[in-house]
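Next up: a single chain in structure tokens, the form predicted on its own.
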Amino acid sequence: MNREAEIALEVSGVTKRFVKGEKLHWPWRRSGNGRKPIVAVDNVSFRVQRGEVFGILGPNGSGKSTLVRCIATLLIPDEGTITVFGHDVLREEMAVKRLINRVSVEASFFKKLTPMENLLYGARLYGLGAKEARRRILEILTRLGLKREDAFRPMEEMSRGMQQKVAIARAFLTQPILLLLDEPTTGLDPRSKREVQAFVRELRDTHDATILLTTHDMQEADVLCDRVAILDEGRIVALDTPEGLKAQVSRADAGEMTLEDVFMELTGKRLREEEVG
């Protein structure tokens, strides 16, 4: 297989701007009310190889979710191109949608329905048979730490952590070859976070899936990702393996280097972990 055939995702010169509270049109100039565009993603470029877990590490507001929405065809980049296994996200939107699935912090469900009913509904949208889908749903939910009976009680009775596991199960049910995990463990309790991270490791090790993971959890990025891009104010300020990033920064003391040390050295900022509500 040649190198080009191994590229799962290519992001080239992508920029996305917004103007708060109003529509924005070309050219990007100050509007009459004095507002200027906010650059959420600023000339971002990277490649992700097939089978890789690629992390985007940055604080809230750094542009991570905007970038993922562009990749997922939910937003249109103002500049640059994005291809998924050679398919352009703008010109070949339906082809891209068949190859990807996305998990986000704000995953939505029919809350009165059970996980099984929600997931069977999603499976039918992708043309999966009910019998096979039911078997796979129970298998995935069990691997994520849910009990069989949990699959048959209303979503509204479930904790935030359990609902997030159902969101991950829904995304993986269609067996996407590019899985976009946008802050998948934010707000989870420690046990749920470990179970989700273990499932991501299992996907990495046993399935032909490429994973793009956004996070502001340094330890999560360190243990799960093959390579990490550090994003600050919409720009990539560093990209390497976790060990390679840590090797770029020296410490005055003899303590072990962390990705937070790297981030602070490169940006002068601290990554903040959200409180579990």
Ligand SMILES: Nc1ncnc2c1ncn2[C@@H]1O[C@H](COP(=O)(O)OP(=O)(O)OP(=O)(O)O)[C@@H](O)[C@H]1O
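Residue positions are given as counts along the sequence shown, with the first one as 1. Just so we're clear, the structure is a prediction, and the values are computed from it rather than from any experiment.
From this point on, the text means the form predicted together with the named molecule, which you will not see here.
Taken together, the three residues F18, S65 and E183 all lie with some non-hydrogen atom within 4.5 angstroms of the named molecule in the predicted complex. With the partner omitted from this view, the residue of A40, C225, M218, I230 that lies near the named molecule in the predicted complex is A40 [heavy atom within 4.5 Å]. Residues with any non-hydrogen atom within 4.5 angstroms of the named molecule in the predicted complex fall in just one of 239-247, 56-64, 204-212, 42-50: 56-64.
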